[in-house]
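One chain is shown next in structure tokens, namely the form predicted on its own.
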């Protein structure tokens, strides 16, 4: 089969990401399929392929979403499909999915910009202090801020509301790392820990004015706890059958899902260190 892999130039700037992309290509060719990297200028040729694999950053305003929709209309198998992009990219939609399906997650509320004493006081009373503030569309910890008091909350939320009509305000759960559970067709295909860098509070933190990423430690998917596995598979089924990455906190009260992402990171030497058959599994799903 002819596989198109939609990328942007930035996908080749980090060596570990470039190596992973080349592993996808070599795996597909070893399995008897063609694998071609395509870019924005190639969108008009999408009907020439049998299946589409998106590796560029996705959200409903991106070229990746446009080509995903177009490929689906032409009947191609697509990872990431438009529904998964729309759902996972929007933290407000995820907030509703978590609540409606009793997904264990940090307490959260939607904030529309009402700064009355009753509303602000109610947020801190129910969620505690500090709180995490997110815009609906976030990527790689961007547009995710922490407010330690009401004054910070007002300042941060007013800034974020310049580009959003609603914010997700979430209970802060301290941890040394986030579990990242890679899911494909509602099955766990890789497992790792995304550590919080020292002096930070999220995986990508600004420390002394510089963006710092925490360490990634791969763990065998066979060692996943039954509770985390069941939680991850259950949530993925509410989204679809695509390729997802769940971020989960482990607490004294059990596991709590922070979010589920479409288009999860897969870098050479990171997510693939132990379960290195993920390339073959993803290619097999693309051509099935």
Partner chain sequence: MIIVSEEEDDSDSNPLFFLRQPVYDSVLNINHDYRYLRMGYYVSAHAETFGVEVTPNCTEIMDAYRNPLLMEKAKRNGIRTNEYRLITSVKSEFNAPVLLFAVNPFTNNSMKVVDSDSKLPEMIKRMSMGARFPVSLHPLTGEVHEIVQMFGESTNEETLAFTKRFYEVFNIPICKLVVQIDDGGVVLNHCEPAIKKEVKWDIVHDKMHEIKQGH
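Positions refer to the first chain, counted from 1. Quick caveat, the model's predicted, so the values are computed rather than measured.
There is another form of the same protein, the form predicted in complex with its partner chain; it is not shown, and what comes next is about it.
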- Proximity of residue 86 to its partner chain in the predicted complex, heavy atoms at 4.5 Å: yes
- Query: Given that the partner is absent here, does residue 60 sit within 4.5 Å of its partner chain in the predicted complex, heavy atoms only?
  - Reply: yes
- Message: Can you tell me if residue 90 lies within 4.5 angstroms of its partner chain in the predicted complex, counting non-hydrogen atoms only?
- Response: yes
- Query: Does residue 44 reach its partner chain in the predicted complex if we count a contact as any heavy atom within 4.5 Å?
  - Reply: yes
- Item | Interface residue in the predicted complex among 233, 31, 224, 70, criterion: non-hydrogen atom within 4.5 angstroms of its partner chain | 70
- Task: Report the residue, out of 160, 129, 97, 188, that has at least one non-hydrogen atom within 4.5 angstroms of its partner chain in the predicted complex.
- Result: 97
- Which one, 205 to 213, 192 to 200, 177 to 185, 129 to 137, holds residues whose non-hydrogen atoms are within 4.5 Å of its partner chain in the predicted complex? 129 to 137
- Item | Contact at 2, 35 and 270 by its partner chain in the predicted complex, all three, heavy atom at most 4.5 Å | no
- Pull the contact list for 206 to 226: residues with a heavy atom within 4.5 Å of its partner chain in the predicted complex, in sequence order. none
